[in-house]
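Next up is one chain by itself, shown in structure tokens, the form predicted on its own.
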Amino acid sequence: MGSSDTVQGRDGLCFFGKVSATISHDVKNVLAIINEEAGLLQDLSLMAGQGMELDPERLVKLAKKIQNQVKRGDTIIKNMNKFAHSVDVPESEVDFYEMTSLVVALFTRMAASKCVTVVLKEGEMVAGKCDPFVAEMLIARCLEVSMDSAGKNHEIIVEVFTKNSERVISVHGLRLEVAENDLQAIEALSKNAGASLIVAPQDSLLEIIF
């Protein structure tokens, strides 16, 4: 039986729904900004038709803003595609650094809403086998718990590395004790993911070990 079979279906659906909602908000924001810039471009065109002289530099800046939003939208869609495919197989070879990078990107909006900055330190490929969807759920839930523990206007630092043949995702920056129900939830998730946890707010540390 794969580890995903042990995950309660509703928890998985709730996680998928939460990420999908976040992505839809991000895409909507991108489209709103593009629409606003296109409207400004239209206004300038109408004024030019009435004889107003156009500033080429202003047009270049407008075009660049639209291009930047298209690139941002493309990155969001690529992340959505990667996340959607994480449910394809119950176990596969993954790069834990790339997986953590994806989860951090997907939860940037949540971090902003909690006024917490999440920094993923540069790292290298950390290969291993796991159930990708369950592992992403675990990483995401641990990030949420860490954000709550860190509190507003603080920073948490995430590192991914190999230690003694184990794959470690380390989160630094915890400040407060983790609530008992949150602790139980992430411990249950870690068992489903085939991982173990170290939660030590006194050392400002949470580690997921695969």
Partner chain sequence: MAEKVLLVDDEKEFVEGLAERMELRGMNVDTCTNPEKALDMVNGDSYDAIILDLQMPGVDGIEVLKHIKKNKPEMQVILLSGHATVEKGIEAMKLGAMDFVEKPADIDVLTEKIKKAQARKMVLVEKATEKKVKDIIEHKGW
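Positions refer to the first chain, counted from 1. Quick caveat, the model's predicted, so the values are computed rather than measured.
Separately, the form predicted in complex with the partner chain exists; it is not shown, and the next lines address it.
Mind telling me which stretch in 140-148, 35-43, 160-168, 175-183 gets its heavy atoms within 4.5 Å of the partner chain in the model of the complex?
Of the options, only 35-43 has residues within 4.5 Å of the partner.
Could you spot which one of 115, 89, 125, 119 gets a heavy atom to within 4.5 Å of the partner chain in the model of the complex?
Residue within 4.5 Å of the partner: 115.
Is there a non-hydrogen atom of residue 10 within 4.5 angstroms of a non-hydrogen atom of the partner chain in the model of the complex?
Judged by the heavy-atom cut-off of 4.5 Å, residue 10 is well away from the partner chain in the model of the complex.
Can you tell me whether residue 31 touches the partner chain? I mean in the model of the complex, with a 4.5 angstroms heavy atom cut-off.
Yes, residue 31 lies within 4.5 Å of the partner chain in the model of the complex.
So, in the model of the complex, is residue 47 in contact with the partner chain at a 4.5 angstroms heavy atom limit?
Flag for residue 47 set to yes.
Test of understanding: in the model of the complex, would residue 82 fall inside 4.5 Å of the partner chain by heavy atoms?
No, residue 82 is distant from the partner.
Give, in sequence order, every residue of 63-87 that has a heavy atom within 4.5 Å of the partner chain in the model of the complex, or say none if there are no such residues.
Sequence-ordered list: 65, 69, 72.
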